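Single chain ahead, written as structure tokens, the form predicted on its own.
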């Protein structure tokens, strides 16, 4: 068995770390956009008209039962056919956000369903509009039960963002391929990259948990 040699890879570590920023930006931005869309889907499925509820159900069914990679490929190749030119990063961002919206909508729907009717009544008695009721009363309470599931999906998105390299995005995995092709130490590169992903995932989910505690403390 050939011995492992990490020195050529570690010498290119600064270059590898340069892809971390792209990975973080892609993961955080797509999660945030997906969560925003999921909020609308969850409310639509809970209180929308029949057609709206049906749309939300069909959307979630399609997006959660087809590969995310296929969805990104569709965006990457179909948008230019419609005359819309987007960068590889934007294509991956849109695909990840739309996919996340479906999964996060399921999480939000479950969380909103666990909010006691008393909270809805209290918001109505205060004269809050439906939007104000959701933003100030219902969503903050539901967050207490949704937070673990949201954090888990965020972690999945961090790791899943590695598929961006397929489309030429210079994220952590994309740079790992570059280092592997120049050093011919692909196994060592992937081992180091795996450790970097693990550290990144732990750090970001830790920040997510910290933000949750601060939010609950402020509430």
Partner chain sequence: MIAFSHYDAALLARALWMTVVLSVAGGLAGLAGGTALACLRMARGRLFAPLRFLAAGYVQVVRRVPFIVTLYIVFFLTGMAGLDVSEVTVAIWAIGLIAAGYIAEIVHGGLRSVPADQIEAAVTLNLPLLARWRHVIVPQALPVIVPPTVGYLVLFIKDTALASQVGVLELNQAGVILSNRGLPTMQVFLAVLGLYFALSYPLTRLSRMLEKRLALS
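In this text the structure is predicted, and so the values were computed from the model without any measurement. Rigid core (definition): largest C-alpha set, two forms, superposition within 1.5 Å. Residue numbers count along the first chain shown, from 1.
Omitted from view is the form predicted in complex with its partner chain, to which the following refers.
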So, a 4.5 angstroms cut-off on heavy atom distances: do all three of 70, 103 and 155 pass it with respect to its partner chain in the predicted complex?
yes
With the partner omitted here, the residue among 13, 202, 209, 21 that in the predicted complex has a heavy atom within 4.5 Å of its partner chain is 202
Is there any non-hydrogen atom of residue 183 lying within 4.5 Å of its partner chain in the predicted complex?
no
| field | its partner chain contact at residue 81 in the predicted complex, heavy atom, 4.5 Å | value | yes
Using 4.5 Å between non-hydrogen atoms, is residue 177 touching its partner chain in the predicted complex? yes
| said: At 4.5 Å between heavy atoms, is residue 191 in contact with its partner chain in the predicted complex? | reply: yes
Those residues of 59-74 with a non-hydrogen atom no more than 4.5 Å from its partner chain in the predicted complex are 61, 62, 64, 65, 66, 67, 69, 70, 71, 73, 74
Quick check on residue 203: with the core superposed, does its CA move 2 angstroms or more between the shown form and the other one?
yes
